[in-house]
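The chain below stands alone and is given as structure tokens, in the form predicted alone.
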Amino acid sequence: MTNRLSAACLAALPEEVARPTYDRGKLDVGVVHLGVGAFHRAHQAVYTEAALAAGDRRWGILGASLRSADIRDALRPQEFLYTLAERDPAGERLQVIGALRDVMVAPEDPGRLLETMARASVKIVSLTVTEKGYCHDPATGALREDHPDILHDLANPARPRTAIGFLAEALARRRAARLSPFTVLTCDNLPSNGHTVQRVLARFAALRDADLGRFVADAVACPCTMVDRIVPATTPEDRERTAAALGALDAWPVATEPFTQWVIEDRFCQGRPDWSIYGAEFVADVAPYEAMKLRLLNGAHSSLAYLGYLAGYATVAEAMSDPDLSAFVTALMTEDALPTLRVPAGADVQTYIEALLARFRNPALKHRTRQIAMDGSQKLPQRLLGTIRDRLAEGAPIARPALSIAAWMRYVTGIDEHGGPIDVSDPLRDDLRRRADAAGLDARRLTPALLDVAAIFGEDLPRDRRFAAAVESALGSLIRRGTRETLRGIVRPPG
């Protein structure tokens, strides 16, 4: 197929494919997005597309990759158009998204990205850089002042490497030019994510200059958000399927589920798009929604990832086809996580849980367990450890969440149940592997060796004897009996 997706071919696409109805050439760049990956293109960009289609042309998106040029190189020949494919068992719906106007590759020309972020037209800088992109300590939420990239950015403010470095320098330039600050809108799964990014950014700015630190703390809006949509990594099969449906090649489409949610604290420096057109909810307090999503969806997802991978399941849908694993995850949500939550007013949490289970079972999405298992050291504190701390405080059982932590420990040893290698992807991989290698597959040694990672477990959990004993017991069972037998013992205990 030689025909490439582009503005010139939009009119020739099949009638059922939705496409931009506005003049993309007349869009202003009002949003700079750092971390222009699949999730952003299936979530925030789609909400912005709806606002643009409704007639507000101020909010075109300039994407920025902080690492590789892959996304820029794939989308530039098609004028940064791409296809959103919503899939469920009933079929597929396609939409060509036009909100993304350009993509910059930060390492190639950091000055150009900074100049763009400092423009008066840019009102929002949003982020999906994953938990590790904030260079913070997940256990405390504080900036890691000894992080090599943070040290680099403090010494080289005009050539930053990190999202935090780019934000601070762009805000410093706007302040010097007497321009209003942009809103910093994080869309990553951090606890109290807006407060966390403001704390980290303000501390970094203060290390550069005390006045800049106060400016960030006092004048820059960092709303909290909760985002929800399952977006697997794009596969060659996705590209082939999309090309066949379009009659044109799209080098990087995104496949996702129909469900999407975005809850936003309505606090912006210079306005915002009307994302409510696509269903965004603007609220005064995001915290209950965030906790519900992190502990129910994300906690269950990580548990499925580690247990599912160890049990031999490549995707979440395959893992959910295992009756013991499905029963385990259901009980983890309803019996362990749910009692720790302050449910938002009017929320039907039982319906929410049923919808989550149905989404996990969606066979049309090939969401790989290995993808979800990445960066566990950054994810566990907000996804599972909060539930565990609250359960411990109440004297409640913790066998299921302890098994989830034990499965992560078994996973980061780098050796699967058949003696094969696991390609562990984690910013703490080297330290975790060193500890695991020294301890060997001995739960009595491996458990304290990994619990001693304060950046994950803090100072309190390793000293909690009930927690340590529960994790050691679960890990010992995983090592001796394997994942499936261990699950069976929890879900269908003898007697």
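Just so it is clear, the structure is predicted and the values come from calculations on it, not from any experiment. Just count from 1 along the sequence shown to find any residue number.
Here the subject shifts to the form predicted together with a small molecule, a form of this protein not shown in this document.
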Which one, R159, R389, R72, R229, lies within 4.5 Å of the small molecule in the predicted complex by heavy atoms?
-> R229
Listed residue that, although the small molecule is not shown, lies within 4.5 Å of it in the predicted complex (heavy atoms), from R383, R272, H136, R410 = R383
Triplet N298, H301 and H367 all within 4.5 Å of the small molecule in the predicted complex via a heavy atom = yes
From the candidate stretches 401 to 409, 340 to 348, 221 to 229, 208 to 216, select the single one in contact with the small molecule in the predicted complex, where contact means a heavy atom within 4.5 Å.
-> 221 to 229
Any of the heavy atoms of I372 lying within 4.5 Å of the small molecule in the predicted complex?
-> yes
Applying a 4.5 Å heavy atom distance criterion, does N189 contact the small molecule in the predicted complex?
-> yes
K123, heavy atom within 4.5 angstroms of the small molecule in the predicted complex = no
K293: heavy atom within 4.5 Å of the small molecule in the predicted complex?
-> yes
